[in-house]
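Below sits a lone chain in structure tokens, taken as the form predicted alone.
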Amino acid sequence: MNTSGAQLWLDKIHQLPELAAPFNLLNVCGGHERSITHAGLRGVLPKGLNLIPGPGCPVCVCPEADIALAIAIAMQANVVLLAFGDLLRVPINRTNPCKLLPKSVKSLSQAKAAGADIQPIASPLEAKKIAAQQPNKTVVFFAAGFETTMAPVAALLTEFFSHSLPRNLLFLISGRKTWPAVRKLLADAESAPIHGLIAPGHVATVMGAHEWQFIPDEFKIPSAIAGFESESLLRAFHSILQQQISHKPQLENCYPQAVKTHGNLHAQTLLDRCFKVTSSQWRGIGSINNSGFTLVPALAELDAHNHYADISLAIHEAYSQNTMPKNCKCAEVVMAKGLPNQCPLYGTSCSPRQPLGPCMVSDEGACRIWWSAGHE
């Protein structure tokens, strides 16, 4: 953190009156948490300003049932399963007596080692390319992510309407909307008291700054939208502290170069055309109203759930409990009920090399970020 802009905002923060009481500031984005942690921002901010990671990792909240279904489909004959790389190592519970899955297979990467054709991809366009290259196989794209990931998935899906998608390409959708989880967290009396919130800059770029206006309106706490550089984050911290001092909570856009009031309308149109919003499961957390993307009826023939209906039903019955590994606190970390290093598994039996919980798997998981930065 040597840029003059970041130092300017840090100086401004230290020129503010001292905090009269501890101030818990939640961030909602794994990218923010990574920037905060690796820039060492916690160590240079005023004492009493506590930066708390929140529900910013789509891999961490992907339900067991969805991962188990992806594994079961991948192990069918003549199937190629595609997924973004972080999903491959997320473990599921195999004490569950589900006959569709080999007892030794606890993740997609283990299914791949057992012979399933599972390929990591970095973009939705790769799914189209791979499906076109292998017309005699059924290619299933397991798409998990928040709004920023699901918008390009929707762009690919719209090619169905112009008949330009390979006919052998199916979709297993596990997309989530961000703000419903934040609202649930803020309304949950068991979460840490949150006094201010940093809204995710990339989600706001797609969905618009206005989507986060409910934070000051409904919960009466300061909030700001931030980008991913230290300068933007520190500017947002300064805004929130100023709002707190003046007792005037509002939403300030500290990432105006990317975030507009109503967001990317084209991306929103794509999302609306391809997905309907439904109540969805978040791993270890339960169902959250209006938080999930599912395919619209017009795209039903692309839905892997329909093509593998019997398997889908059996898996969802077997994994209806949506659990975390024993003693794993990932769900508590995601919902601001604990910090990564307060989990009894953190850095002992659970590490990036051998992750037990999803927050230790993903590059956007708080546990992995903290462990990679040397937090004990």
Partner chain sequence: MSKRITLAHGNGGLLMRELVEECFARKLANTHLNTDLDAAQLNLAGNQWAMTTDGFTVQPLFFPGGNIGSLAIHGTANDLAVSGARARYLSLNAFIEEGLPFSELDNIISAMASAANEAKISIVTGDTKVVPRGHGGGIYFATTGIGEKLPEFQLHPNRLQAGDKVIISGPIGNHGIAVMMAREDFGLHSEIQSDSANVWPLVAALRQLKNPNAVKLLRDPTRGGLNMVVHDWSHFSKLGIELCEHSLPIQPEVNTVCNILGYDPLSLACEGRIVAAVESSIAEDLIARWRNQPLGQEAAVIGELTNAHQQVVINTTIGGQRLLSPLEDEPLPRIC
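Positions refer to the first chain, counted from 1. Since we're looking at a predicted model, the values are computed, not measured.
What follows is about the form predicted in complex with its partner chain, which we do not show.
Student: Looking at 80-88, 189-197, 162-170, 217-225, which lies within 4.5 angstroms of its partner chain in the model of the complex, counting heavy atoms?
Tutor: Checking each option against the 4.5 Å cut-off leaves 80-88.
Student: Does its partner chain get within 4.5 angstroms of any non-hydrogen atom of Pro344 in the model of the complex?
Tutor: Heavy-atom contact with its partner chain at 4.5 Å: absent for Pro344.
Student: How about Asp117 - does it come within 4.5 Å of its partner chain in the model of the complex, if we only consider non-hydrogen atoms?
Tutor: No, Asp117 sits far enough from its partner chain in the model of the complex that none of its heavy atoms falls within 4.5 Å.
Student: With a 4.5 Å heavy atom cut-off, would you call Pro58 a contact of its partner chain in the model of the complex?
Tutor: Yes - in the model of the complex, heavy atoms of Pro58 and its partner chain come within 4.5 Å of each other.
Student: Tell me, yes or no, whether Ala113 is in contact with its partner chain in the model of the complex, where a contact means a heavy atom of each within 4.5 Å.
Tutor: Taking the distances in the model of the complex, the answer for Ala113 is yes, it comes within 4.5 Å of its partner chain.
Student: Give me the residue from Ile285, Ala209, Ile92, Ala144 that has a heavy atom within 4.5 Å of its partner chain in the model of the complex.
Tutor: Flagged contact: Ala144.
Student: Which residue among Lys129, Lys248, His266, Lys276 has a heavy atom within 4.5 angstroms of its partner chain in the model of the complex?
Tutor: So the residue touching its partner chain in the model of the complex, by this definition, is Lys129.
Student: Using a 4.5 Å heavy atom cutoff, which residues in 201-219 contact its partner chain in the model of the complex? It's fine if the answer is none.
Tutor: Only a single residue, His202, comes within 4.5 Å of the partner.
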